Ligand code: VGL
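Before any questions on binding or motion, here is one chain by itself as structure tokens, the form predicted on its own.
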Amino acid sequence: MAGNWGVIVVDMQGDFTKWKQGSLAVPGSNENYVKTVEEATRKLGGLGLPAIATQDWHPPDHVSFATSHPGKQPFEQIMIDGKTETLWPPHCIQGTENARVLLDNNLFLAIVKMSQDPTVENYSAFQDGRGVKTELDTLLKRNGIDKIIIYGIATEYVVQATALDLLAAGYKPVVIENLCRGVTRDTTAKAIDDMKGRGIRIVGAVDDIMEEIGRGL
């Protein structure tokens, strides 16, 4: 392994992509984008970096689905666990085609499933909305990873939430901006500014950090 670097590829699943006509497809998530993410992940793997994928893995009755609340529509807001939360169309339901991770699964040391508790809203791949950790922390520690390159979908949701939780837990996340896709231009820009303001490093493209990793910095 090159130094203590690792990679987290966030929620590259059909339901979040235009390519697969997903129920929550984000702008710019066509087939070319997915293939670009796969190529970048291969390049980083070629430097010896272990990669972990995250996977939204909802039960069909998840609390975040509008269909779980009679009379409610997608994108309405309700209170969940004392927080104002947005209701979504059903997406990434366990065992469905559009919940699959679209990249070659052999690229990954592990795939961390999230959002499995039907009663808890969750945006971070590190822990759920009630602070219950996923296996991500254990995987990173077991593999001696403390510097983490992170990218995927969506910038202002799971990418941001995961990066902030990693930072709070003592890791050093680096977000690759052009390998992320966000829901809107404004909220994406705000998320990038917020992450920068909190001390998360943002780089433009994978090549911006490849040399640094290769030198073992």
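Note that the structure is predicted; figures quoted are calculated from it, not measured. Numbers follow the displayed sequence, beginning with 1.
Missing here is the form predicted together with the named molecule; even so, the following discussion is about that form.
Heavy atom within 4.5 Å of the named molecule in the predicted bound form - the one residue of 150, 53, 158, 44 that qualifies: Flagged contact: 158.
Contact at 5, 108 and 140 by the named molecule in the predicted bound form, all three, heavy atom at most 4.5 Å: No, none of the three is in contact.
Contact flag, residue 15 vs the named molecule in the predicted bound form, heavy atom cut 4.5 Å: So residue 15 does not count as contacting the named molecule.
Residue 195 within 4.5 Å of the named molecule in the predicted bound form, heavy atoms: Judged by the heavy-atom cut-off of 4.5 Å, residue 195 is well away from the named molecule in the predicted bound form.
Contact label in the predicted bound form: residue 24 to the named molecule, heavy atom within 4.5 Å: Heavy-atom contact with the named molecule at 4.5 Å: present for residue 24.
Contact flag, residue 113 vs the named molecule in the predicted bound form, heavy atom cut 4.5 Å: No, no contact at 4.5 Å.
Region of this chain that lies against the named molecule in the predicted bound form, out of 36 to 44, 184 to 192, 167 to 175, 55 to 63 [heavy atom, 4.5 Å]: Only one stretch passes the 4.5 Å heavy-atom test: 55 to 63.
Within 4.5 Å of the named molecule in the predicted bound form: residues from 110 to 135 (heavy atom criterion): Only 123 sits within 4.5 Å of the partner.
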